[in-house]
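Here's a solo chain for you in structure tokens, the form predicted alone.
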């Protein structure tokens, strides 16, 4: 056996994720990705009033509750069949769009950028920026006071190669601080239509319960304008700078080569980001009946290979041969990568003009080809492109609202029925499946983005996308596996969602 490396828990992600690497000759020979806790939301929902579902499922995650709420609502609406209003559909897009922006900004600046930016550069800062001076003085003060972890969460960190340019590092740290304010602004934009965040109360089957007014339109538009400026002047330039400084990450971190998206943001001419699949660079069909969840290596005694409509959640913490609290979703028995990269590749293959223009422009600036997007750096680039795309769409949608017209349509809840709610969360394809019997939830199953990406091996022993993306990766220092951390964080894992 070669060298074993444990990254457990992997920090700067959402939830508890364990990564185990087996190195041979300085490269990852095998990787194992484990969700380390059980939550049981699907069991909590059984027997509840179905109209509780969109509120309870939002508690699965504090970063993407909007997506879970909307997935639950879409599943229920397949049963209730309400006549949605144009205002209701647009308001949902505005809520989810602002949630996307805050999620993508926090992923890059607060979670991933510190894998590349040298935060110690702040100690040499002598400029006049008050925020940076406060940050420098805070880190210096903690070091002098002998704090156990001075500068946390910036430090400690893995030793390794970081950006060398002091000006670039300081600029990125300035944007790190500004991104906190931008995230708060995006939350405020969500709250204009959703009531509060996280765990919005205005989301309901039939639309949203918040009314449209000219004052709210103006407030949302003003926030989106500020976010668009930050995306154009900070986020995209920082992505270009990091991609230029670390070109090798266009060769590291490739997933299994199969990508899937359910489609999101309905418009008059279809989804802004369409549904579909891409298999090894070619567009492929999407048949939702081919989705199953396999459990051979999962800590569940539930039968393996069930479609989510028949899914079961039976925990088995002492199951032999299992190593994760995640099931292994598969499409036609194949692992699928989901997330911003999957959405952008599906849209690119579908010929979405704006996506093709933005992708070609960014890749041209970096001297890269579309095939190189299947990589760790490709995920960062796709996420930034999508952030700009969604922000610009929000700026269009806000002007399509009509003050005074309804945002909500009433409906009746039948005694029985079944539905599927498919949507794209910021982290990828999200599906909720509900069955109602005698006015109560008889069964509820969620298959979430990180369950796809961080899944354990399936019944055939095929690794999940994160596991396969790590295999073959050179690791220079097993005590400081910075390369592996960069690959895993490029997926933006959310284990709180995955172990729902």
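The shown structure was predicted, so the numbers you read here are calculated from the model rather than taken from an experiment. Numbering follows the first chain given and starts at 1.
This protein has a second form, the form predicted together with NI-FE active center, left out of what is shown; the following refers to that one.
**Q** With NI-FE active center left out of view, choose which of 34, 462, 63, 475 has a non-hydrogen atom within 4.5 angstroms of it in the predicted complex.
**A** Flagged contact: 63.
**Q** With NI-FE active center left out of view, choose which of 75, 430, 95, 101 has a non-hydrogen atom within 4.5 angstroms of it in the predicted complex.
**A** After the contact test, the surviving option is 430.
**Q** Just to confirm the contact call: exactly one of 400-408, 237-245, 175-183, 422-430 touches NI-FE active center in the predicted complex at a 4.5 Å heavy atom cutoff, so which is it?
**A** Every other range fails; the passing one is 422-430.
**Q** Any chance residue 455 has a heavy atom within 4.5 Å of NI-FE active center in the predicted complex?
**A** Answer no; every heavy atom of residue 455 is more than 4.5 Å from NI-FE active center in the predicted complex.
**Q** Is the gap between residue 450 and NI-FE active center in the predicted complex 4.5 Å or less for some heavy atom pair?
**A** Answer yes; at least one heavy atom of residue 450 falls within 4.5 Å of NI-FE active center in the predicted complex.
**Q** Taking NI-FE active center in the predicted complex, which residues of 458-497 have any heavy atom within 4.5 Å of it?
**A** Those in contact are 494, 497.
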